[in-house]
Structures are given as C-alpha cells and as structure tokens.
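Take a look at this one chain, the form predicted on its own, written out in structure tokens.
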Amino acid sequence: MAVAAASAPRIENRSGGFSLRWLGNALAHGYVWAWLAIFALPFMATLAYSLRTPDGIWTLSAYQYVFGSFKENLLLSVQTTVITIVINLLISVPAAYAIVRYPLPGKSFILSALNLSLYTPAAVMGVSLVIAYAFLFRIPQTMTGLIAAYVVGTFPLMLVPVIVALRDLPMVFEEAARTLGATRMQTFWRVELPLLGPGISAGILLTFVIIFNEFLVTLFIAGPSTTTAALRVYNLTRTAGFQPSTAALATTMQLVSFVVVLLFFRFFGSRYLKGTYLI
C-alpha cells in the first residue's frame, strides 16, 4: 500500500507532463497551419476565381487560354530561366573560386560591387539597362538583351551561396587530392565542385524563383517578341482587368513554380540541402 501510494503522484506528474506536451504540440501545429492558411489564401482565391464564371458557374473554360497563345509565353519564361541559370553557373563558380582562394586586392569592394544589383531598385535597374543596351550594346528589346538583363540582376544570387559553400569547404580535401597526384583541374572538377553542391543548389533555386516570376525589369527590356509569362499576366491585368482567364494564367504560373520547387527539393535538396534548412 505504501509503495502504491508513493508511486501515485509520479503517475499524476507524468500525466500532467504529457498533457502539457500535447497542448504545446497542438498550439505549435495550430500556429503553423494558421499562418500557412494566411499565406496561401491569395493563391487559393486566385485559383477559385479562375474556376468561376461571372454567373457563378464552376468551369475550366478559362484554362483554354493556357493551351493557346500563353503557352508560348510560358515556354519563353522557362527558356530564359534555364539559360540564365547556366550562364550564372559558368560565371559565378570561377568568380567565387578566385575571390575565396586567391588574395585579390580590394576583395571587399569587388564583392560589394558584384552585389550591386541586389540593393538597386528594380525600376532604376530597368532604366539603366535600357540606356546601356540601347546606346552601348545595340541590343534593345531582343532575346539577348533580356537574358543579359536577367544575368546582371541575378548573378549575385548564384555567387554568394557558392562563396559561402567554398569558404566552409576545408582546404584539407584539396590538399589530400593534390597529394595523391591529382592536378589542379582534376581536384576542382572531381573533389571541390561536387562538395559545392549546397551552394550551387541554393543559387539555382533562388535564380529560378526570381527569373521565372520577374516582370518589372522585363517591362523595361522586353520587346513584342520577348513577352514572358509574368509580363503577359501583368499586361492583361492592366488592359482588361482581372478576368478569370487572367487568373487562370496566374494560377498556371504559380503551379509551375510550385511543382519545380517540389521536384528540386525531391531530387537535389535531399542530397545537397539536408541538414542546412530542410528537416
């Protein structure tokens, strides 16, 4: 009896501790889901608007425009985004290697200048690019000018994550490879570059999200034959108002972005970003 009486408070304490833990978990889940609902509400409202006619009938008729002329704008956005990512990679990886591994004079100033587009207003950048491309390079309203503008605007988004990854990469890997007879290029391609996966993956994701949905700089640079999907949605909203067909185009863009990000995390994030900000 004495043993049972002594153990009763412990059971009570455990029950109370379990209740507090359960309440804490419930509040945490409720907090996260509440903010998720707030953040997702505009996109869900756009989806619902695209599925209804002015008479209140639910239909998919607005999405016929997605498979019409908007398909060309969507493919153009994908094409410019992929080309920009490739160019950014070809530029940023050697630049990051030079900045981190070599004693460049004025390194801080160079890095700040390379990141200039990150803290320049988009309207100011658009005007500057129009002046430069029209009067200096003679490529206004062309595909080349559009991709060049995207590279200028997003290059730091690729450069900075690669620099961070390279700084966190111990020199011991490079030294071990060189000791085993590898040349400098073999060491870079077979040892260092694969270990830069987290930085490269983050740069690719950031570049895609910005470029695929960019319209303000595009508004200054794009011509009649280089109207991207985001710019098409903006132009339709400005000229015809917010129609269900425009909502369908916006929903399609959002769905494409969402699917690409999910696939990216599925095939690349689980390998390179695990332990950084993915759980």
Partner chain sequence: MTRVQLVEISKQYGSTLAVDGVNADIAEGEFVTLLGPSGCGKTTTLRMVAGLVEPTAGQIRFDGQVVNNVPPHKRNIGLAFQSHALFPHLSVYRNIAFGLEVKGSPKADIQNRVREMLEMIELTHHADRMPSQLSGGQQQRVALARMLATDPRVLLFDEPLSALDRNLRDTLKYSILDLQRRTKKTAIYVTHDQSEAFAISDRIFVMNEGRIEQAGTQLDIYLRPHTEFVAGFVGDNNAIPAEVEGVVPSLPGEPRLLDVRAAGMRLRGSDPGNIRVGDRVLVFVRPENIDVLDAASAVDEPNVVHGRIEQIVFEGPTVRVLVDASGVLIKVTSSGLGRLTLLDKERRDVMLRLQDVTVVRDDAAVAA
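What you are looking at is a predicted structure, and each value in this text was computed from that prediction instead of being measured. Residue numbers count along the first chain shown, from 1.
Keep in mind that the form predicted in complex with the partner chain is not shown, yet the notes after this line are about it.
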| query | finding |
| --- | --- |
| Candidate from R101, K71, K107, R190 lying within 4.5 Å of the partner chain in the model of the complex - any heavy atom | R190 |
| L136, V124, L180, A113 - the one with a heavy atom within 4.5 Å of the partner chain in the model of the complex | L180 |
| The partner chain contact at Q186 in the model of the complex, heavy atom, 4.5 Å | yes |
| Exercise: D168 in contact with the partner chain in the model of the complex, heavy atom 4.5 Å | no |
| The partner chain contact in the model of the complex: L195, any heavy atom under 4.5 Å | yes |
| Partner contact for I83 in the model of the complex: the partner chain, 4.5 angstroms, heavy atom | no |
| Stretch in contact, per heavy atom within 4.5 angstroms of the partner chain in the model of the complex, of 170-178, 113-121, 202-210, 152-160 | 170-178 |
